[in-house]
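This document opens with one chain alone, in structure tokens, the form predicted alone.
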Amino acid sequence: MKKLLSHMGTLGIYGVAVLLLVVGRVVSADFLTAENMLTILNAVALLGVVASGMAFVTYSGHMADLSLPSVMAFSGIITVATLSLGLLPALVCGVLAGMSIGAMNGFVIGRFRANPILWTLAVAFFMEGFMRFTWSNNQVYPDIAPGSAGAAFIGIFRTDIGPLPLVVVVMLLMLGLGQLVMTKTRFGRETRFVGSSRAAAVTSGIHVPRVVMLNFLVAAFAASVAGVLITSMNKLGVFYLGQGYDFKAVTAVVIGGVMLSGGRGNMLGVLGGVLVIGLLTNIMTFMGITSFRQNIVTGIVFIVVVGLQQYRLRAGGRSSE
């Protein structure tokens, strides 16, 4: 029973997902088809990849990294710009470029205790201006001649592994690895301690700036991977790719049970949050609800879910694992 209670937050979000499955079946007979389920997974896969990194920032008590859309765009542009070196070197350059932003964020926020929202928002504005200035506000296109590195790059997003698209497999791997790191490693335990009480973490001998920096680095790595994938999907690199993924990822993380105050939650809940977003959006599409009305409905549902989960945590006087 104690173990069951400890995972109530995670069970709650999957309960919502099951409820949405029932509602979707009532709305349309085509909702529960294998084709539509795969469509939903494909639609939220990039969000899941970004959320797998954002969860570590939130878990560490730093709420959110608002520079992640810029990380996505920058990693994609650098990848396209370096394809002349070959596909693998370009992918490495793109991911490292994005992670350099995360390293800077983590160092400043961890060492100097800068406000994470204000700092990462400032970095996002700077990076957008930098990319627009450097590439003259233009889109960067890969050379997609047959047999070229550019053609191989474009094919990444369109690759399937068995019955699943590669992007879905990447999402599941990132969330699964994140769950292991968060719950089974010393780094995960230290992150939880820092998120629960920074002062207590310092007193216990944890090198807090290092832990904070690593969490922002993890978030940037996940966003860089997502940036490479979204750039491959769009067949171009440009400064605005990734816009909106910061707030979407925070939403998925929070409704999945990771508390904004830090130290509570897990990746299984984050996966549930991502699925709920996908299911709800898909249902409203079947109902013919326009995008701005979808935002209203989605906002109401998310507020209710977050409120219920926070009440459940407070009433139980516990942390979710």
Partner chain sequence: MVYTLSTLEITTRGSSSLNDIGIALRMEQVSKQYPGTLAVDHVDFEVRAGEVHALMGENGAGKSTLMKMLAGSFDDYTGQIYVGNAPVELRSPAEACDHGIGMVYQELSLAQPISIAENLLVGRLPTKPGGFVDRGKMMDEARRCLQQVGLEHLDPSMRIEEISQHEAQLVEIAKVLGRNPCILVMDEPTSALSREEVKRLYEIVRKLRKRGLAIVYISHHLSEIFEIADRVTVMRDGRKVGTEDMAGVTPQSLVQMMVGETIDEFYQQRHPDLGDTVLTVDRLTRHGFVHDVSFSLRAGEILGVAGLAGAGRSELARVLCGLDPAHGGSVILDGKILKPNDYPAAVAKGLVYLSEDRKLQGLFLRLPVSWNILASLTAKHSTMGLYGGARDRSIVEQQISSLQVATASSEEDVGNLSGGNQQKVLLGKWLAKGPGVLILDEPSRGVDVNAKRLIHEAVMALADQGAAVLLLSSDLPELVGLSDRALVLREGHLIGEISKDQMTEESVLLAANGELPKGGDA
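What you see is a predicted model; the values in this text were computed from it and never measured. Numbering follows the first chain given and starts at 1.
Beyond what is shown, the protein has a form predicted in complex with its partner chain; the following relates to that form.
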Under a 4.5 angstroms heavy atom criterion, identify the one residue in I161, A145, L118, A200 near its partner chain in the predicted complex. A200
Tell me which stretch of 45-53, 257-265, 272-280, 32-40 has a heavy atom within 4.5 angstroms of its partner chain in the predicted complex. 257-265
N137 near its partner chain in the predicted complex, any heavy atom under 4.5 Å? no
Is the gap between G106 and its partner chain in the predicted complex 4.5 Å or less for some heavy atom pair? no
Give a yes or no for S84: in the predicted complex, does one of its heavy atoms lie within 4.5 Å of a heavy atom belonging to its partner chain? no
With a cut-off of 4.5 Å between heavy atoms, is E128 one of the residues that contacts its partner chain in the predicted complex? no
Interface residues of 170-206 toward its partner chain, as seen in the predicted complex [heavy atoms, 4.5 Å]: K184, T185, R186, R189, E190, R192, F193, G195, S196, S197, A199, A200, A201, V202, T203, S204, G205, I206
